[in-house]
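For reference, the chain that follows is the form predicted alone, supplied as structure tokens.
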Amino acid sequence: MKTKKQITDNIIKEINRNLIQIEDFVNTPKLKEAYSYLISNGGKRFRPIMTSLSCAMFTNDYLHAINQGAAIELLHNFTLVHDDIMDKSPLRRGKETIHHKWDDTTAILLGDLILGLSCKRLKIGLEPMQGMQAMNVFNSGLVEVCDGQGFDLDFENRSDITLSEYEMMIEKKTGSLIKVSFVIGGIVGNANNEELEKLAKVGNELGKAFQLQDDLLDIIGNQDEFGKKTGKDIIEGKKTYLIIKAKEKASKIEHIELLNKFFKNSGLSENEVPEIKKLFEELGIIDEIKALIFEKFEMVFKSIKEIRDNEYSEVLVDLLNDYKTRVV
């Protein structure tokens, strides 16, 4: 049995090789250049790793679902390219975004192109019924992530968002493609319907845990370690779990005034980030979100072991535990 690092390194190597091969199907010179730039722009390849390991839980072959993992990685990149246009983001992973390096038209075309390429790649190596099942899951995930983005945009102009609405949004926007990764890995591994339902639940809960981690790390994370400006969400006026929970719990006048200022001005200044961090601490929200993240990760670990308890489920749990320890 290879080590966790050897397995994940091999998966990433094969995914990258697969993505480079797909470039041969891009004929327009500008789009070929943009595609090559996009896939060489880093990324943890987390979703294809989850696809490969969820498949290996049933097949003991962690490279069996590489084509499907590459398809999901392309789908993920499609969402990022279009998100960057909507957010007018100049950088992604420390490098220029596609629309910033070229233009909006090129970015839109590239996004559309890689979505089509991902659909073609998804069915490679699958039996006809498997291919249909995988495509149904894939399409449902695409609809959900777009739906989640729509809710996220709607939330920008609202100050009355509830925690249940926020959880629904992150389940769609963040959790849907993680769910797709697990379920399609299971489909390639011939998991039964009950096992596929459990994999879907794992993906949903993991997506929520990751988004809650991102919300928390925005306020307590080390900028150098996590590559994200501390308080960026607060400065940009994003309604994260912490903000919604604080609005729900605040009773002191100074807390209410600071939160009202956040909503009225669609964010706070960089100088006010320590002040709202102190507010979160005084209301017990930071400890509360840490406990919630821990609970969701533990639920994920328990569910994975219930689906299969073997070498690859151990690797999967061990890998995800590395993510849990970032804040808990």
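Predicted, not measured: the structure shown is a model, and the values here were computed from it. So that there is no doubt, residue numbering starts at 1 and follows the sequence shown.
Separately, the form predicted together with a further copy of the same chain exists; it is not shown, and the next lines address it.
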May I ask whether I161, E288 and N321 all come within 4.5 angstroms of a further copy of the same chain in the model of the complex, judged by heavy atoms?
no
Looking at L115, I235, I220, I256 here, can you tell me which has any non-hydrogen atom within 4.5 angstroms of a further copy of the same chain in the model of the complex?
L115
Partner-free chain; cross-checking a further copy of the same chain in the model of the complex, the single residue of A191, L216, I244, L142 with a heavy atom within 4.5 Å is L142
Flag Q149 as yes or no: does it have a non-hydrogen atom within 4.5 angstroms of any non-hydrogen atom of a further copy of the same chain in the model of the complex?
yes
Is there a non-hydrogen atom of W102 within 4.5 angstroms of a non-hydrogen atom of a further copy of the same chain in the model of the complex?
no
Is G131 one of the residues lying within 4.5 Å of a further copy of the same chain in the model of the complex, judged by heavy atom distances?
yes
Within 4.5 Å, heavy atoms only: does N136 come near a further copy of the same chain in the model of the complex?
yes
Can you pick the stretch from 174-182, 119-127, 206-214, 192-200 whose heavy atoms fall within 4.5 Å of a further copy of the same chain in the model of the complex?
119-127
Give, in sequence order, every residue of 1-36 that has a heavy atom within 4.5 Å of a further copy of the same chain in the model of the complex, or say none if there are no such residues.
N27, T28, P29, L31
